[in-house]
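Presented as structure tokens, the chain that follows is alone, the form predicted alone.
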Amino acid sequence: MSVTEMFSNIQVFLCADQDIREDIRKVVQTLEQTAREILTVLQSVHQPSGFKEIPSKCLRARELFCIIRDHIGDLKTKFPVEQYYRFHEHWRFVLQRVTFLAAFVVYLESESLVTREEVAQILGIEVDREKGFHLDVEDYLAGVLIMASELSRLAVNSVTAGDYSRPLRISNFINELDSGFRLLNLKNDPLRKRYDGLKYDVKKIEEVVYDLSIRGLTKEQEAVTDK
């Protein structure tokens, strides 16, 4: 094979690779758009009247996750299944984003931590990498950490809405989450930096709870609950 033929073959390969990446980018853009729609729906829970609408907003979000599953199903067809990590960079961010949204919905519904398996089921993907398009464990953890930041905001807005018990429950949840992350030896730099943000979320929520306690609002809420 001549040098010219060799480089011609390389060019064919590069063109094919670029075509795959362009197809992936187009699907990822639709994923991002639907993710923004879900986020818009869920952002309303931060409004003073939003807590009463949590069930309906979560229901609407789950309806939109059906569209997310369709987009991901389309994405799976755009590249060879064994080359997941070769193109992973294209959908890593949006997958972390929709993981956060799924985790936030589950928390709003049950005040519990969504499992990696549950997120995979919501998104219509696998957990095991051997089975194809899957939820990488680091993408799952990143999504959970994004949710923690959202909960710190929810704790503050709960006080504004007059819900003084919710920040206490959020505080307990976030402290448990922090304890869990402390068990991990995080070597992924972006993930470790995001975990550093969890420490600020813990502190922010503790300040909210402390402010409520010195104002006697936690006891007042407990008295209302007892009645």
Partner chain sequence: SQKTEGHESDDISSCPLISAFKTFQLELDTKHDKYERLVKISRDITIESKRTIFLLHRVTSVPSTEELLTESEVKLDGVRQKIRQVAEELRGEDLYQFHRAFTLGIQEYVEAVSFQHFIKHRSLISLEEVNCRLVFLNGDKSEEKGIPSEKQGPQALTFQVTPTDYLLGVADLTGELMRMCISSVGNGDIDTPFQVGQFLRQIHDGFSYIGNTGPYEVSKKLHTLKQSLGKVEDACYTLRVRGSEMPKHMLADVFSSRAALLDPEDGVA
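Since this is a predicted model, take the numbers as computed values, not measurements. Positions refer to the first chain, counted from 1.
The same protein also exists as the form predicted together with its partner chain; that form is not shown, yet it is the one meant from here on.
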{"property": "Any non-hydrogen atom of residue 43 within 4.5 angstroms of its partner chain in the predicted bound form", "result": "yes"}
{"property": "Proximity of residue 153 to its partner chain in the predicted bound form, heavy atoms at 4.5 Å", "result": "yes"}
{"property": "Residue 217, heavy atom within 4.5 angstroms of its partner chain in the predicted bound form", "result": "yes"}
{"property": "4.5 angstroms heavy atom contact with its partner chain in the predicted bound form for residue 164", "result": "yes"}
{"property": "Non-hydrogen atom within 4.5 angstroms of its partner chain in the predicted bound form for each of 24, 31 and 110", "result": "no"}
{"property": "Contacts with its partner chain in the predicted bound form - residues in 184-202 whose heavy atoms fall within 4.5 Å", "result": "none"}
